[in-house]
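Here's a solo chain for you in structure tokens, the form predicted alone.
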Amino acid sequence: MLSTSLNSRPKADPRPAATGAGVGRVELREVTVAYGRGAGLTETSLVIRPGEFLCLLGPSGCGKSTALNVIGGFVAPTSGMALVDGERVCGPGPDRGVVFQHYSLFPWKTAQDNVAFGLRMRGASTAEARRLALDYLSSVGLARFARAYPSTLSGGMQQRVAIARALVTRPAVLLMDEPFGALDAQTRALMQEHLLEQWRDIRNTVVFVTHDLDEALFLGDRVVVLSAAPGRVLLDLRIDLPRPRPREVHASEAFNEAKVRCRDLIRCESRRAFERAEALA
């Protein structure tokens, strides 16, 4: 059973907030990524304001993860560019934290040392890094597993360690690629609420990839829907729902109107992708 400590926040943190005025601005300028026939992104432009929570939706293979990897510096565009705070992205950097779809923990390090790793790389003392790591493990309900190795943890627990590792460094931009996909429904809902709590405290920029419409609408300030591959922006929808958002917001008229609009568009694009694949077969 998930520890109720998931709902608690880490202790007071001496570090400054991740963002200030103008920090965490993300921009894609006419980005094309050509992987092969009908794949990647095409001339995709997008501006994400500092402190904004943006969710990326679209049919499978539309380029959501590709867009995230371009911002993260893991994939170089075929043409166009990504910028963070006006600087061209040429590779990964400490200003961008990433939670991948498949947790990528160091198997030889304990959960606590995995979370502490980024802090140590930034010059924090061993004691301070381990203290903060324990605080963040506690915030995701895993304090009692601090000394456990990844191989002894379930997939969902490993992903929560990976999320704590990304949050603890308080990056200006947090990139998340379906981070809750491996979690059961109850834990997923709790982790969504925990992420929003952390985001309200840190006010960093979040780019969140998901296939789950309800998740995107519950979390995001904006929802961007990409077309079938090669991906391009079809819809850029501002979510005018109050924050903090209670779970009851799912039943609101505004929530369901936005859900129907996004769902119908994604369904149409998925059908188009299927018909195109059939024609090429």
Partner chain sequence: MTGAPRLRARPSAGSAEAASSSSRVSWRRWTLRALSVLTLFLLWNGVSAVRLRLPFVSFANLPAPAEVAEAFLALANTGKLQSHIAASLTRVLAGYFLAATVGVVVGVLVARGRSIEDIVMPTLELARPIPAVAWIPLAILMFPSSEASMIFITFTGALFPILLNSIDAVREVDRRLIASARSLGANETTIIREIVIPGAMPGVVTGLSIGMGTCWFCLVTAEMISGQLGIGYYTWESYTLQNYPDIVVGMLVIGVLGSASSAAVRGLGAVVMPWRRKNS
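This structure is a prediction, so every number in the text was calculated from the model and none was measured. Note that the rigid core is defined as the largest set of C-alphas that superpose within 1.5 Å between two forms. Residue numbers count along the first chain shown, from 1.
Another form exists, predicted together with its partner chain; not displayed. Remarks below refer to it.
- Candidate site formed by 117, 148 and 151: every one of these residues places a non-hydrogen atom within 4.5 angstroms of its partner chain in the predicted bound form.
- Looking at 196-204, 131-139, 77-85, 151-159, the stretch with residues near its partner chain in the predicted bound form, meaning non-hydrogen atoms within 4.5 angstroms, turns out to be 151-159.
- Remark: residue 93 counts among the residues lining its partner chain in the predicted bound form, judged by a heavy atom distance of 4.5 Å or less.
- Contact annotation for residue 124: none of its heavy atoms lies within 4.5 Å of its partner chain in the predicted bound form.
- Of the heavy atoms in residue 109, some are within 4.5 Å of its partner chain in the predicted bound form.
- Put simply, residue 98 is close to its partner chain in the predicted bound form: some heavy atom of it is within 4.5 Å.
- Taking the rigid core as fixed, one finds a CA shift for residue 119 smaller than 2 Å between this form and the one not shown.
- Fitting the two forms on the rigid core leaves the C-alpha of residue 142 displaced by at least 2 angstroms between this form and the one not shown.
- Once you line up the core between this form and the one not shown, the Cα of residue 93 stays within less than 2 Å of where it was.
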